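Just the one chain here, the form predicted alone, laid out as structure tokens.
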């Protein structure tokens, strides 16, 4: 059974409350429920976390080495500047998929640059919560 870790970064705990016109009305719990249902269909052992702390994200990535087959990560604002998260993903050599609810390339210029994407096998952006399901299906094929 494949093991997949989903990491959600800062402010994603506020989904469903924050900027609904950009991020939608679903909560992070709604997304976790959908992902768990899809993981069961795909025979994937899924872990789902959210933290507002960069160091915690890095610790979870480090702890995944040798235990997790794929990481799905929505780094939130860390997408644009966290070299530390980028280096952690690269260091553990676990395939990672970057996910964003909104199309980061169609928003403010500073949001269009991801320092994380170059160390990931792919990026899914702009499909709302369906992006997480797409990422999970991609993880099943890795």
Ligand code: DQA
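Numbering follows the first chain given and starts at 1. Here the structure is a predicted model, which means the values were calculated and not measured.
Although not depicted, the form predicted together with the ligand is the subject of the following passage.
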- Query: Check 2, 64 and 92: does every one of them have a heavy atom within 4.5 Å of the ligand in the predicted bound form?
  - Reply: no
- Answer with one of 97, 85, 31, 101: the residue that has a non-hydrogen atom within 4.5 Å of the ligand in the predicted bound form. 101
- Message: Test of understanding: in the predicted bound form, would residue 20 fall inside 4.5 Å of the ligand by heavy atoms?
- Response: no
- Query: in the predicted bound form, does residue 12 have a heavy atom within 4.5 Å of the ligand?
  - Reply: yes
- Classify residue 74 as contacting or not contacting the ligand in the predicted bound form by the rule of any non-hydrogen atom within 4.5 angstroms, answering yes or no. yes
- Across 105 to 126, the residues having a non-hydrogen atom within 4.5 Å of the ligand in the predicted bound form turn out to be 107, 111
